[in-house]
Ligand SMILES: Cc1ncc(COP(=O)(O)O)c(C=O)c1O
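Read the single chain below, which is given as structure tokens and is the form predicted alone.
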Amino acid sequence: MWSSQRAANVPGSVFSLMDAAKSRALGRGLNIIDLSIGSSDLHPPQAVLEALWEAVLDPATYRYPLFSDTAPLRDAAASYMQRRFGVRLNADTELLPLIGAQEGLAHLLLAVTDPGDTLLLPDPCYPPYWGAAAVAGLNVVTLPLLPENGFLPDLNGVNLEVRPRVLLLNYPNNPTSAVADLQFFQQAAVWCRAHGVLLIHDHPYADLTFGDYRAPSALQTGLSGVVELHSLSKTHHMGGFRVGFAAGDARAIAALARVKGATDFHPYLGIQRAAALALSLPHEVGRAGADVFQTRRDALVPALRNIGWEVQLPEASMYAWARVPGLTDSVQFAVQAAEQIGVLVSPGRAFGARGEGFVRFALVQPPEVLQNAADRLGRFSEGHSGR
């Protein structure tokens, strides 16, 4: 009776099934290896923690933060974007703090679309994208991300009769770990501007890159018609702090500010101080975490290949996306693996129809634990097709 149609349209989470399977495994006394959730197990830089501690002891941080109070964080974000990507931003009109990028996306869609507008959404994709689209009342048209195309969408194949309003991209990608170069973003921006489509780029893995690869920013194609969402959850290991920022087209940022002004205040001032410091740290500090995830990648990928699973070597992110031979029901497979051997992975179907046949690993355990997980899965999959 008290559920709106909007709430009813938000899809259920497959991850609730995984949580229940984990509880059953714990009840059986199994040793659990949880690789299902992409929450960094590393801790924030020490200087960031000290800044937060000092702020907690400062009574001036206890009040509601107003927009003017966010100036230090906006300035730090502008400096970061200039250093990292060569993108110049007006900190007053082209930047806005977020209570996490996930919150930012949900409010941004409410700010730049009307119910019934069309969102172009990659498949597979981060599951909360679907929920944000449902809350905004949007018509979703999916763009297949195929291995043979490097998990990049084919914009030339979009049926323009659907009159798209927004294109949502995410590279480095969750769940596939695929990466995109600047040329791809240039082509996407040209396409969007030609068709009056707002390009939103979710960029939480901007600095979790491996080897010589460095992820570009969609804003390097220009600010007009482009908004990019950044988070400190991954590179700076501040997931529980819930802080990030939106940057780009001043008109879209202004609309986002109006919607956010009606629904929330800005992040706690102490968290803002910690985030501003994190964004100002030398690049090498952020790279340290990427090196840890690269070492874990180098342990897991060969182990999965040794059991016959197909997996590309990720150039970025904190995930590995593996195709399991003969797999036709990834949810059943993941639930059974959790219940019977205590290894939790994310079923590909949780990310969209195109994710079926795959499972996602989060690189949130040390190398030897990841190898152990692969060994367990190899023995498990010999007798369980998951079909």
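Numbers follow the displayed sequence, beginning with 1. This is a predicted model, so every value here is computed, not measured.
One more form of this protein should be noted, the form predicted in complex with this ligand, which is absent from this view; the next part is about it.
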property: Partner-contacting position among Leu219, Leu119, Ala101, Ile271 - heavy atom within 4.5 Å of this ligand in the model of the complex; result: Ala101
property: Residue stretch of 276-284, 308-316, 177-185, 125-133 approaching this ligand in the model of the complex, non-hydrogen atom distance within 4.5 Å; result: 125-133
property: Residue contact check: Gly248 to this ligand in the model of the complex, 4.5 Å heavy atom; result: no
property: Heavy atom of Arg242 within 4.5 Å of this ligand in the model of the complex; result: yes
property: is_contact(Pro204, this ligand) in the model of the complex, heavy atom dist at most 4.5 Å; result: yes
property: Close approach of Ser231 to this ligand in the model of the complex, 4.5 Å, heavy atom; result: yes
